[in-house]
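Take a look at this single chain, the form predicted on its own, given in structure tokens.
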């Protein structure tokens, strides 16, 4: 019999935000797989480091941080081949994923390559979206509000249209697009409604009003949250940590 592929959400960074199920699966794993950027160590592995069993086989999926999709596709193809060998031998594979596997999670690309051939179980995790709202200390959405999750890489016209048609907005992947996003929100008179969170729940987390953010670019693990619905949810005039 083939093994089971587990896609395990770890939460956004604080190990205490792992679920009990994630903790149990990782603690008993014989094969662990995790993503890593080609620019540094794996955040996913660092979150679970204290509970990865000694002697477990570790398979690192090193991803090129490029806008082009092709290099990453090749890496996922190779990783799927490596995991197939383990699964075909009857070995379960626990794949670690920051946040939630199906919310902008790298695991989804392994899922699409392997789920037709092997049993797969998804273990949900705390998402960066909810972790950023908690760090900002402002609710995300309420009642009949609509929530839009948008990549900051969208052109200005698309961003403006989608922001205009939602009451709560989460902008991900802002990175080097941050100044352009700030200019757009200033033009829409929404800059005072926006906060930015870096590395939510991690030891180096920072929280700012977007208007006061001191940098022209933001780290990869950053998110801008905007609220313009009917609730009286505002940001403090001074917010930085």
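Residue numbers count along the first chain shown, from 1. Fair warning: this is a prediction, and the values are worked out from it, not measured in the lab.
Below, we turn to the form predicted together with a further copy of the same chain, even though it does not appear here.
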For this session: Classify residue 91 as contacting or not contacting a further copy of the same chain in the predicted bound form by the rule of any non-hydrogen atom within 4.5 angstroms, answering yes or no.
Result: no
Exercise. Going by a heavy atom distance of 4.5 Å, is residue 153 a contact of a further copy of the same chain in the predicted bound form?
Worked result: yes
Problem set entry | Touches a further copy of the same chain in the predicted bound form: residue 143 (any heavy atom, 4.5 Å) | yes
Exercise. Would residue 224 show up as a contact with a further copy of the same chain in the predicted bound form if we use heavy atoms at 4.5 Å?
Worked result: no
Problem set entry | Full three-residue contact with a further copy of the same chain in the predicted bound form, heavy atom 4.5 Å, for 17, 126 and 138 | yes
Seminar exercise, completed: Restricting to 80 to 118, the residues within 4.5 Å of a further copy of the same chain in the predicted bound form through any heavy atom are 100, 102, 103, 104, 105, 108, 109, 111, 112
